[in-house]
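Just the one chain here, laid out as structure tokens, in the form predicted alone.
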Amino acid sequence: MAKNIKKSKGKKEERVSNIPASNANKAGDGVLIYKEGMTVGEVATGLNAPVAKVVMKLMGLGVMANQNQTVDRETIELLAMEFGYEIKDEVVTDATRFDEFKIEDDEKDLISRPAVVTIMGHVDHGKTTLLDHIRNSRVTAGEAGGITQHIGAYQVEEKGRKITFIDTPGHAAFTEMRARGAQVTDIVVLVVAADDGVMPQTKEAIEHARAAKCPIIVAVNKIDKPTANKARVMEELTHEGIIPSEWGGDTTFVEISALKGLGVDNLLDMINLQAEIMDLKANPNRLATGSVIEAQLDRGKGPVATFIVQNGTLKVGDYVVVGDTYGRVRSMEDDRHVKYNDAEPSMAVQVTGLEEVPFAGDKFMALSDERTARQIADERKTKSKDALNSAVQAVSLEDLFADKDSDKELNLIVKGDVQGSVEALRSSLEQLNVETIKLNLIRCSVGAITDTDVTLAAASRAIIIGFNVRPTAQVRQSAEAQGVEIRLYNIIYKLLEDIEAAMNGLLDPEYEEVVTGQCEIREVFKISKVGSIAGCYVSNGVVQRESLCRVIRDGIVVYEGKLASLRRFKDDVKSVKEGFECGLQIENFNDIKEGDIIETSIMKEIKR
């Protein structure tokens, strides 16, 4: 482990020794060291009192808890007073817990920073339309051109002041992604349709904003519609504890039409006003800290992550620890492909140079040297692998229920195309609740299904779930040899329905997809009035003309459809076997590239 790491305070750097927390926080007489999530037993130890006596004191305070239950800080403060103890916060000095560090900056080193805003609300209430209008009409000065990529966040300028927007999805299945947005945001804009009112995801958004202790600005959208009823929206939100300022509350309501751009100027003014009231500040003259908004594996760039800098300045060449991985910042660019050498507080940039794909929501911290970053990442990774120890033979969803009399566990390995999808799947799967069935998520990560996943699945009797990713023929053969089941999906609700049905013992599919062959594109021919023709080599199985097909690029599914034609030389053929070359065209898809894999399949009826 690294002997020291540097932590900045203002413009000065002080060295913080990696002292074990137990020594750094050794309590003196009458002092209780508080740390997050303390149990009654831990509190009793800190108070040097019998557990039974502490439990009795809790009962006197109206709290019923045993020694293994956690208690909140307020209750612990009351207990400390009862026993004549002073309470102090734990000082985290273990470098592997960098995401828990709290570094205080000198007031003189702080400067104003842009507000970070998340737009939330129910499906079809106009979040995307509002984001698009703001993004397309107010780009940061000096940046020409249109929006060229999506990195989950972008910055606009209004009347000389910058505002950073985090673009979170609005679908019910992506609750976890909205929650992640609220954790790094300063202000939440809650979009509610004036003709629809408060809906389930509106309530979820309010819960996330409150959990993050973020002020809310309500944007009453579609106010131009004849059926718009602002009073109804205000009344329904009052039931959720959101009281309009015009009714004596503290929440600003703004009438807008995102489609026509009405009221958007006023909304941005209200955001800037709220930011002034909050007096948002940061110290740019220190090593950066922040969070990951989105992450994925890019074929050309490798691991790519969108960072939002929350304090300090991130520079090209900085070493960073991100969750359980590390790297050196090779490049930084915004959503318009504008490259930066420095990213100041509240900026969102897409970063390359990491060793592995981090998890969305991971904290990052810049360090001064690579050795320290690598050692911290290695130790964190070692700790996180402890949950992966298990070993018995593989299992499928069908034979999971062969033994009806015993309690069962369903172990899953989830692989997805982007981190946001993986997080959403993790959250949704964890919410599935079936009596006598325990669901264990052994691994949830981004990227193609690999031999490592198959090996882990075999060792832990797990089923591999692929979302918008495909295994290679070699990986598929390895899974078959080891008896590992791989289930592939592109619709999140179909996946959840199958898993829930399996957990209830009701899985009984009528059809299953049978992969018939794979071919590699070795040359692309572009013919006018016809489109792109793929010159292929059949590497596995048989490619049939009437097949369904998928275009796979670096293990990620980029298109699904049907074959439009299949030829050998100049002749149309029904099938081409392994080891032969062919030419084929895909219906309604011409964006094929050399090196792409085309996987063909048929739907086979399964007897009940």
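Start at 1 with the first residue shown and count on from there. These numbers were taken from a predicted model, which means no experiment stands behind them.
The following text describes the form predicted together with guanosine-5'-diphosphate, which does not appear among the structures shown.
4.5 Å heavy atom contact, I243 to guanosine-5'-diphosphate in the model of the complex: I243 lies outside the contact set for guanosine-5'-diphosphate.
Non-hydrogen atom contact D124 with guanosine-5'-diphosphate in the model of the complex at 4.5 angstroms: So D124 counts as contacting guanosine-5'-diphosphate.
Non-hydrogen atom contact T252 with guanosine-5'-diphosphate in the model of the complex at 4.5 angstroms: No - in the model of the complex, heavy atoms of T252 and guanosine-5'-diphosphate never come within 4.5 Å of each other.
Interface membership of K281, guanosine-5'-diphosphate in the model of the complex, 4.5 Å heavy atom rule: So K281 does not count as contacting guanosine-5'-diphosphate.
Option from 325 to 333, 106 to 114, 221 to 229, 344 to 352 whose residues, in the model of the complex, bring a heavy atom within 4.5 Å of guanosine-5'-diphosphate: In short, 221 to 229.
Candidate from N411, Q375, S532, T128 lying within 4.5 Å of guanosine-5'-diphosphate in the model of the complex - any heavy atom: By the 4.5 Å criterion, the partner-contacting residue is T128.
guanosine-5'-diphosphate: the contacting residue among I499, A258, L79, A360 in the model of the complex [heavy atom, 4.5 Å]: Exactly one residue meets the criterion: A258.
Stretch 61 to 81: residues contacting guanosine-5'-diphosphate in the model of the complex, 4.5 Å heavy atom cut-off: Result: empty, none.
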